[in-house]
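The chain below stands alone and is given in structure tokens; this is the form predicted on its own.
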């Protein structure tokens, strides 16, 4: 049989590589053990949700990625480099590549949105004031906030302030953005706008997003992968389709919002 007669081999799918790995992470505050061996991987370009009940360690987990917390044991790898053992100075380059949007938008009230977003351009990218403000305007346009460029944060809704905070984070051109409960306390319309903005970061910019959330509508509309934390470990991980109709009682209780059953374990 000639080469031309041979059946064509199916294309081998190109899978995204791991950009972040948590390996057996343990963290306690005094005698209270929060993380008890968290192990999971985040693939480049995906929208990865970390879910679970309040106090299970979701926010604690992601704060290790930017050095706000240090692990008690275990390893964290970012883009092939171990980062949990870096010094404060060695963490600076990592923080330029991993941005974080906190639950409460941390904007300066005395500055307009444009001035807030211009700060990273001036401080980290060494732009002059005029160029930084122009770049900030373009960044606010990406999050559909250009009409409010000269507004002060206190005059805007939570959702608007959160979008501006996202614009300021994007000014650093991060490869990964961490979102800590991004839709908490928002009305449904604002929450869905934030969802679509997070999703567009992956689709349009190739940014990897890690989202801590208990917002089921967010989870089941934009998550590409989900990790469910329970009793300090990753109890289940998979796609949102795998979580949509769970057979496991503990996962089902969380998804359904029931307030009784196996999840009510003392101390968690």
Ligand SMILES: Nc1ncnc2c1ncn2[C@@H]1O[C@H](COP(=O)(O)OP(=O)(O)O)[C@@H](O)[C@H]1O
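Numbering follows the first chain given and starts at 1. Predicted, not measured: the structure shown is a model, and the values here were computed from it.
There is also a form predicted together with the ligand; it is not shown, and the following applies to it.
Here the chain stands by itself, but in the predicted complex one stretch of 32-40, 199-207, 217-225, 233-241, 32-40, has heavy atoms within 4.5 Å of the ligand.
Contact between residue 65 and the ligand in the predicted complex is not found at the 4.5 Å heavy atom cutoff. Taking a 4.5 Å heavy atom cutoff to the ligand in the predicted complex, none of the residues in 232-255 make contact.
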